[in-house]
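What follows is one chain in structure tokens, specifically the form predicted on its own.
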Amino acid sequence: MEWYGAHMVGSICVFCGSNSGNSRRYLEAAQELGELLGRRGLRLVYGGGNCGLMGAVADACLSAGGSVTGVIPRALADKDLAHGGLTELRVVGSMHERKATMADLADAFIALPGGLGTFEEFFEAATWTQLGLHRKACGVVNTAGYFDGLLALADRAVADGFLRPQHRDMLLADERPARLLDRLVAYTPPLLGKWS
């Protein structure tokens, strides 16, 4: 466990693709992050899948001696998409329950490259931080500039008056998983609420 702000970090929720993407660098970033979590004694919480970046981050964390909790909806588990070798696998009734369970189990959030589901899960977690529903740090592993467009969209939201600069700054980003993890553990979200 590590401290960030006034909070102990014992588990990190990782959102990422169920595909590996077209670049080996995405797979390497997932493996590096999983290994770091395992070596640092931080529990990985993730979507419970056995394929793509999801499977890679879980396998790397387990290989490094880490603890991994997967949370997967019954409909996906029934398609044999659940990882069979996790420390703990929680099968839930819906995608909504999956996200709520992962948020409850995690002390902070990281997104690796992924698609619509990854974007949606990450932004929900960041929105909950913005609204003060939790005070958990949120960051992206920006491998090969994958999240440049997403970060530019957030900058545009600030420029056009839809997002406060302090809330934009909550979206931590780094191309190196180790540096992002260090920043995430050291980060304390702003006390300023959305409507303050």
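Bear in mind that the values here come from a model prediction, so they are computed numbers and not experimental data. The numbering used is simple: start at 1 and walk along the sequence shown.
From this point on, the text means the form predicted in complex with adenosine monophosphate (AMP), which you will not see here.
- Residue Cys51 is the only one of Cys51, Leu131, Ala157, Ala144 with a heavy atom lying within 4.5 Å of adenosine monophosphate (AMP) in the model of the complex.
- Taking the partner from elsewhere, Asp107 is found to have every heavy atom lying beyond 4.5 Å of adenosine monophosphate (AMP) in the model of the complex.
- Put simply, Ser18 is close to adenosine monophosphate (AMP) in the model of the complex: some heavy atom of it is within 4.5 Å.
- Contact annotation for Gly85: none of its heavy atoms lies within 4.5 Å of adenosine monophosphate (AMP) in the model of the complex.
- Residue contact with adenosine monophosphate (AMP) in the model of the complex: Ala125 places no heavy atom within 4.5 Å of it.
- Annotated contact segment (heavy atom within 4.5 Å of adenosine monophosphate (AMP) in the model of the complex): 42-50, selected among 42-50, 133-141, 27-35, 162-170.
- Taking adenosine monophosphate (AMP) as it sits in the model of the complex, the stretch 55-72 comes within 4.5 angstroms of it through a non-hydrogen atom at just one residue, Ile72.
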